[in-house]
Structures are given as structure tokens and as C-alpha cells.
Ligand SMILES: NC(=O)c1ccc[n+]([C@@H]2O[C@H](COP(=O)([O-])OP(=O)(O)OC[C@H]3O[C@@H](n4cnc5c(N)ncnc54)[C@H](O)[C@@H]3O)[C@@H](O)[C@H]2O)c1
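First comes one chain, alone, set out as C-alpha cells in the form predicted on its own.
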């Protein structure tokens, strides 16, 4: 037996949120490369279409779907698209999320509601939609994206970290409930990864481009890793592939970290 065969996803389908860019895009491309048929979901419909087109041009199977993950019906529609296009749903990757920077004392109710709606409810709805299909199927893998921000408190990241910590507990609890149906549920807590998500650190107080500020951020994040480097989206996508594949058949209810050994607050 070729040990690499357990990573193959031929005959399976995956629905991925936040797949127009960053970790979501890398996940869609890696899964398609492993043989999965992919539904590329994102609020950025043009970006999702471009990713799906690229996968098809490289010999894979993919379709794009515009979704707002804060709306339950749109997560249901994403899962239904996977079933209608590919006949089943084997992997649900809840990757999409938003930043929520700022001091807790200064956060508005609107900022709180938005962070919860996207970072928590969006993942919650994605899990529910996937379970609806996977339970009668008797199999499946759900992968939720949390954050290394849950591991240590950091000023100005409290609101974001709070929602991502909730994702970690959602994952652990759902794993207990889903196991009887042959469904595995895991989470990622990515370390600092260079994506469009981190580009907000390029901006100055007025929103203008500030390369020195971004360089300082990158340097600070690198110093928190014993490897002295930051991650790329593919570093997270390869871990998601593992969790989606039969290689991780005995892995559930865990929070996994591809973070270069970063120690925040050090």
C-alpha cells in the first residue's frame, strides 16, 4: 500500500467558505489537487468564480457560490449546491472570518454583533448545514478555523479572540455529538499567516498605506516563532487536507496548530 493514498479525496466533495482568497483559497486548491470536487464559497463572488475557474482549468472539478455566512439559509444553500452538483458532501471547511481589532472597553454593540455573526454564527450555521447532510450519510469531516489568538490574551484582539475561542469549544462539543454518525469535527488555530487578512496591518491611522508599520508587524510575528518565519496559506491548507482525509480517521474533537511554534505574549 502506498501510504500517500490515504490523503487522496477522489470521489468526495467539499464545501469551503472564505475560499476566494487566503487560507480558504489554498484549501480549495489543495483539496481539488487531492481529487475532491469543490464548492468555492465566498461573499466575493468574482473572487470565488476566479478560484473555481482556475481549478477547472487545472483539471479539477469546482463550482462557485456567493454566500454571506452570517445567514443560515446561505450556508444551507452552499451545502445543497455540493449535493446537487456532486451527489454528496464529505468535507465542510468553515474558513471565513473577519478581523475585530480594538480595545474591549471601546467596542460598540455593532462591532460585537458583526464579529459574532460572522466568526461564530457563520461557523455554527456551517456545522449545522453539514450535519444535516452528513448524519444520514453516516460519514464526513468538519473543519473549523479558530485562531492562535485563543492561546494567550493580547490587547486589542479580545473581541476577535473571544469569537474564535467559542469556535474551539463548538468544535469539541460537536465532535462528541457527531461521532455516533461517523462524523469527525476538528478545528485549526492558525498562527500568523500572510494573507489579505493581515494586510490591515499595512495601514496607518488614516487608512493610508504604511509599509513600515506592516514590516514592523511581520518582524514582530517572526520573532514569536522559533523558526523565525511566518506561515503561508498552504501551510494551513495541508493540515486541513490531513484532517479531511482518511489519514486522520481517528482524529476528532481537537484544536490543531500550524503556527511555527509561536508563543504570543513572549
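Residue numbers count along the first chain shown, from 1. The structure displayed is predicted, hence computed values, not measured ones.
Missing here is the form predicted together with the ligand; even so, the following discussion is about that form.
The single option of 127, 115, 89, 145 touching the ligand in the predicted complex, heavy atom within 4.5 Å: Exactly one residue meets the criterion: 145.
The ligand contact at residue 191 in the predicted complex, heavy atom, 4.5 Å: Looking in the predicted complex, residue contacts with the ligand include residue 191, since a heavy atom lies within 4.5 Å.
Close approach of residue 98 to the ligand in the predicted complex, 4.5 Å, heavy atom: Residue 98: contacts the ligand in the predicted complex.
Contact label in the predicted complex: residue 254 to the ligand, heavy atom within 4.5 Å: Result no; residue 254 lies far from the ligand in the predicted complex.
Close approach of residue 210 to the ligand in the predicted complex, 4.5 Å, heavy atom: Contact with the ligand, no.
Per-stretch contact check against the ligand in the predicted complex, the hit in 170 to 178, 104 to 112, 183 to 191, 80 to 88 (non-hydrogen atom, 4.5 angstroms): Residues of 183 to 191 come within 4.5 Å of the partner.
Partner contacts for 5 to 39, taking the ligand in the predicted complex and a 4.5 Å heavy atom cut-off: Those in contact are 18, 20, 21, 22, 23, 24.
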